[in-house]
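Form predicted on its own, single chain, as structure tokens, below.
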Amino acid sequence: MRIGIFGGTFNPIHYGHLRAAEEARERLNLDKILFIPSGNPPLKTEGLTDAKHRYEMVRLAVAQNHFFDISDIECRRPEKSYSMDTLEELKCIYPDTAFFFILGIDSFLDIPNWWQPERLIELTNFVVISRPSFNFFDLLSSPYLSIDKSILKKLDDGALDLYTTKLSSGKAVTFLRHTPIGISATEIRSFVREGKSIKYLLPAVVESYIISNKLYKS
């Protein structure tokens, strides 16, 4: 089985997250995408709503896609949630499975600052997706990559949409340009505080959940 791992605070989940996950699933022929809302992230995000609410919003958002699933593996941890620990646990739950860790350019560049990064890149393949304000060319600074700069430039210029190579650990890393959707969770939270509509930025069931639970009001 080939499973894409899509973690994040999802504060809240929106169409940008969902579309990126769907394109990664389709382009890499993944059997499913497993969404993992963070419970207690190492770097506490300002304005982070309770994990139970973020989990429920993701559950509602992915319910209608049979290729999407959700795990509470991090939400039920009282201690800090580290990606390396999550992947170790997932390998026990899903033996004989190839994992593909989906993250943005900015997050991939930050991996050296994560908990036990050398072990992390030995555990999983990666899918690095395009992000606003970041270029694939920036990945030249990653200590885990050895890649021709012309490939990264083609990705940035749109001459390539997909490219797979090897990490220093031997695991695969795929660079994926996906459809840009200019939605941010920060902007959604700001709209709620200001009393503006968030319709069409996220699934209607998530909008209803935010309203009924009075999230992001302050």
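No experiment lies behind these values; they were computed from the predicted model shown. Start at 1 with the first residue shown and count on from there.
Form predicted in complex with a small molecule: not shown, discussed below.
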For Pro117, is any heavy atom within 4.5 Å of the small molecule in the predicted bound form, or not? no
Non-hydrogen atom contact Asp106 with the small molecule in the predicted bound form at 4.5 angstroms: yes
Can you tell me if Val173 lies within 4.5 angstroms of the small molecule in the predicted bound form, counting non-hydrogen atoms only? no
Examine Leu60 and determine whether its closest non-hydrogen atom to the small molecule in the predicted bound form is within 4.5 angstroms. no
Are His53, Arg193 and Tyr209 jointly within 4.5 Å of the small molecule in the predicted bound form, each by at least one heavy atom? no
Find the only residue in Ser150, Asn65, Thr186, Thr164 having a heavy atom within 4.5 Å of the small molecule in the predicted bound form. Thr186
Considering the small molecule in the predicted bound form, which of Ile73, Ile129, Ala98, Leu123 comes within 4.5 Å of it through any heavy atom? Ile129
